[in-house]
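Next up, structure tokens for two forms of one chain, structure 1 and then structure 2.
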Structure 1
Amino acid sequence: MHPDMTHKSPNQPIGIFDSGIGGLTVANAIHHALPNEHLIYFGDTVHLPYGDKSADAIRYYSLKISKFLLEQNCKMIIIACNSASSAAYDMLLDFFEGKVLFVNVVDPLVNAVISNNYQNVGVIATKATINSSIYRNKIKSLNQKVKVNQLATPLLAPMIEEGFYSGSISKSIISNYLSHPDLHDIDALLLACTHYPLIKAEIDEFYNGKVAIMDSTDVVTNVVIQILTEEKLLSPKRSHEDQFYVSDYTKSFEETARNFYGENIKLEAQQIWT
């Protein structure tokens, strides 16, 4: 059930935010599935990574960014960050009730596990996401019988950001993590970090295709399409170029952003913390 969105128009943009540039994997999936939509991305590079911050701090950042995206007239806001989805989603729903549609990256992945009837599920993510146990708790709340094993894989995100993937270094680190006893005998592995789609092929190779590798990009995109269709808010034609904002600009962010988005994009600095 969604708020009354009769005051929204299909031509309004979709806002997407993350603590940095990992959420660009989600933005790119939506861009390809819904090429008529105008996307406004905000990466909070001043405060990254959110995984090291308190839940209260993450809620404050998420609130301020959501206000900025609402000022850009967004019809929907996608929280393309696992830490913010865990800590801030419920608060944002309450605070902006009736004003905008929200989608997070956790629930679509959890629902996909349940609908596919997987019984032994592995979850890899940052320490913060694993410590929150949000995936385990949500999966168990829907089906108590599913076995969920979690493993923090803190080296993966910085490795990917530095461009060390599809090579011997990433193969070694991935193999080291995935060989952990907690990930034995699983039938599905959830990549519970928006960085990890960039190493999905390597993870699939490790398991020789015998384990379902699931990330949030496709499932979140499907939820976005479903909600916008239900609300009659799908854009009929492309009206604007997508915009990509960061709270702190450096040249290296732009280079990393290109890797995550898969295409050349121009980052603009947007000071919302002054």
Structure 2
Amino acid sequence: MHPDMTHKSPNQPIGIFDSGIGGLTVANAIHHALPNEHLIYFGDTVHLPYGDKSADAIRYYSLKISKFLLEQNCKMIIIACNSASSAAYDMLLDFFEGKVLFVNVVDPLVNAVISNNYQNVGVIATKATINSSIYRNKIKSLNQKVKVNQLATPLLAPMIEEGFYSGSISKSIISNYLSHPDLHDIDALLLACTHYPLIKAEIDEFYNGKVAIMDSTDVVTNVVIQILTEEKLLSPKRSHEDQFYVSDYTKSFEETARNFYGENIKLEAQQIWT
């Protein structure tokens, strides 16, 4: 057990944050795998997209959101955003040392590449994630032989956020990006942005099922289960309805969020920036 986690109790909530709806892909997977957990989601729609922001700005947003989630008494905070995981995970670990458990979305996917023994891996993500080279560096540090080809695909997150997926616009943008020479001959493609599971089927169609398409939802859920089990912090029964906060409420966010989460979710505007 983590030395400072002894004061946490199983019925405390799990905090999850992202720049917008993307992290709902992770929240949804966790909700289904761990239905007894009380989830508190925060989508920072004021600052979306994070992928175009500087690392310093993303660190500042992540710090403030984590403070909010800690005030809600969370036992664990899941950084359900690759851009924030790349820029802010180490800083958050240092800043909140021992106060809360943190899970990022990068390490579980990196470990899945290594355990599946992929040799020629493509990574698509926001500019912030690609510029950090976090996937390349982490994969190479575990296996120098794996070829890692990265491509920033900055149009995809705003496209999905606006509800443009499973249609002609998304098909054309996806095929334009994936035809890039850097992504030829890959055996696996990492969807290194938590928005991208919404277009996973379209990406799979582009490759005719010949490339393994990996996203972080299941692998992150497995890590969460493992950590909560080890820390004896799994909630034995449901104590509270899940809560979904956004820093700026828009109708389109709510519609996309509801469609995606698969059930009605009530969004509440939460001003943490004033």
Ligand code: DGL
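Under this definition, the rigid core comprises the largest set of C-alpha atoms superposing within 1.5 Å between the forms. The structure displayed is predicted, hence computed values, not measured ones. Residue indices: 1-based, along structure 1.
Looking at both forms of the chain, which one is the form predicted on its own?
The chain shown as structure 1 is the form predicted on its own.
Take the rigid core as the frame of reference and indicate whether the C-alpha of E241 shifts by 2 Å or more between structure 1 and structure 2.
Shift at E241: below 2 Å after core fit.
Using the rigid core as the reference frame, would you say Q226 shifts its C-alpha by 2 Å or more between structure 1 and structure 2?
Shift at Q226: below 2 Å after core fit.
Does N36 show a Cα shift reaching 2 Å between structure 1 and structure 2 after rigid-core superposition?
Moves: no, less than 2 Å.
How much does the C-alpha of K251 shift between structure 1 and structure 2, in angstrom, given a rigid core superposition?
Value for K251 between structure 1 and structure 2: 2.7 Å of C-alpha shift.
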